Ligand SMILES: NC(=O)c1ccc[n+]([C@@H]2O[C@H](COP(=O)([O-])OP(=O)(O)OC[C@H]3O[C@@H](n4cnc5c(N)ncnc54)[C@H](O)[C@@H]3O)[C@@H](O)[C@H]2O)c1
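Single chain ahead, written as structure tokens, the form predicted alone.
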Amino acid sequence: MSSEPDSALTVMLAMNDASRARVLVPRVMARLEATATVLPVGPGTTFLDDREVLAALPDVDVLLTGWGCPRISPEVLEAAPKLQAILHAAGSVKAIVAPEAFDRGVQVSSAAHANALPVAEFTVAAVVLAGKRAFRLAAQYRIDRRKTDPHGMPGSYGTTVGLLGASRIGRMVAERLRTFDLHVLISDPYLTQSEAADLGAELVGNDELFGRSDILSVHAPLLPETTGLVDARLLGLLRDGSVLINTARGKIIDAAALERECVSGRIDAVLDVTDPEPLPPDSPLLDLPNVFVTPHVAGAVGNEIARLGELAVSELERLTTGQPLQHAISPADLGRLA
């Protein structure tokens, strides 16, 4: 279960068994074992309630964490005096890393970039298809092929696409949309005009974003201040026939207001996330021709999950050669992370 390479670093794996199998596929595990001595954390344990784990913590230099990781509390940090880095082979570290880790000089890295990439790709695909109203047309085509007229739909050329949030994913989407004949708007309180221009987008406020967009894609993190951010008033600013895409979190949008707008047929929606999730079987959103619902598949699934492990191991390799972490998380980042 462990390896002994010529390395000064000892890495403890802290993730559940299912995550380990999906994130650390054989080729990634081989890279990891060639870089450091690897110690697993047994299933169903926390750091301090397992005698073997507790005994090993004083020698651990790096925690390679993932889904199912126990919280890295101040007590864990005290038990691991040599700890240099926490490399998270998943998205947000907010729930697992105690702020005291930064106070102790422990470097923290996240594989959120690797998880963001497929979300951005999914969103761009949704934007392209939404421009042609392909989801609505597909539903109509199943009902009556003879009455389905694609020429009655707006098309993509010159469409205005609005991005709510310049998150990691929002920025990736903006960068990829530059290759299309679209006009991109973006709204984010932390973004400057020059930063928006660098992304090929025009910076606007939320009201203008919703009022001008033909396609509106949500990319804000779920925080107390963004819960229910997209309310009935903002939804009401969307143009008739516009499309709302949500690959972020369902609770960012007022669920009742969204349902009313979609049931009326005034707007279309492409929803990879919902509130609640999953939707109840009797939700009207599941049967509406103007709503396309997917079961939270935009993020890393299947073989895409190995990217997270590859990123974390790449960070470990940088650490062993004295290079700065490429995907480091700072204490200031925590307040803006979901």
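Just so it is clear, the structure is predicted and the values come from calculations on it, not from any experiment. Start at 1 and count along the sequence shown; that's the residue number.
Below: the form predicted in complex with this ligand, not depicted.
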Each of 40, 88 and 109 near this ligand in the predicted bound form, meaning some heavy atom within 4.5 Å? no
With a 4.5 Å heavy atom cut-off to this ligand in the predicted bound form, the contacting stretch among 237-245, 163-171, 124-132, 197-205 is 163-171
> Can you check whether residue 226 is within 4.5 Å of this ligand in the predicted bound form, heavy atom basis?
Replying inline: yes
Query raised in the report: Closest heavy atom of residue 296 to this ligand in the predicted bound form, within 4.5 Å or not?
Result: yes
(Q) So in the predicted bound form, is this ligand close enough to residue 222 to count as touching (4.5 Å, heavy atoms)? (A) yes
| task | Examine residue 159 and determine whether its closest non-hydrogen atom to this ligand in the predicted bound form is within 4.5 angstroms. | result | no
From 266, 212, 249, 136: within 4.5 Å of this ligand in the predicted bound form by heavy atoms is 249
Among 56, 288, 273, 279, just one has a heavy atom within 4.5 Å of this ligand in the predicted bound form, namely 273
Restricting to 168-207, the residues within 4.5 Å of this ligand in the predicted bound form through any heavy atom are 168, 169, 187, 188, 189, 190
